[in-house]
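First comes one chain, alone, set out as structure tokens in the form predicted on its own.
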Amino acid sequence: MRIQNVIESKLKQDLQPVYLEVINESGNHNVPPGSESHFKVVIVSDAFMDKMPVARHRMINRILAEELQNSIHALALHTYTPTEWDEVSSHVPASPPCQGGGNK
């Protein structure tokens, strides 16, 4: 199973999001074509109610512990409650450009 699908499946099962987008950003980095190593996750869930951002990230890191240890090099997380999602008008910040990693 593709890593992107595993991420989606695990997050859906554990956090029951009202919105989930998993974006493979590996193509923006110095990795071979078709790689699945750099991801951006946008997730909106009631599970984040009354939790600070670091606690939300820890929740996701625990859920994806195996993938983070073995497959994922970078994981950008954008975590929202439904109310927060409405407040930001469903706008997610763009990822910064790659700094070259292996090219240095």
Partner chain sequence: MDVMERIDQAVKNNAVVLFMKGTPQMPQCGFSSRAAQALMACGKEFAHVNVLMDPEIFENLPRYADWPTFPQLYINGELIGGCDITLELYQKGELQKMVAEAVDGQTAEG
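In this text the structure is predicted, and so the values were computed from the model without any measurement. Positions refer to the first chain, counted from 1.
Quick note: we don't show the form predicted in complex with the partner chain, though the next part is all about it.
Flag Val54 as yes or no: does it have a non-hydrogen atom within 4.5 angstroms of any non-hydrogen atom of the partner chain in the model of the complex? Flag for Val54 set to yes.
At 4.5 Å between heavy atoms, is Ala47 in contact with the partner chain in the model of the complex? Ala47: no contact with the partner chain in the model of the complex.
Using a 4.5 Å heavy atom cut-off, state whether Ile63 contacts the partner chain in the model of the complex. Ile63 lies outside the contact set for the partner chain.
I'd like to know whether Leu75 contacts the partner chain in the model of the complex, with contact meaning heavy atoms within 4.5 angstroms. Output for Leu75 is yes: heavy atoms within 4.5 Å of the partner chain.
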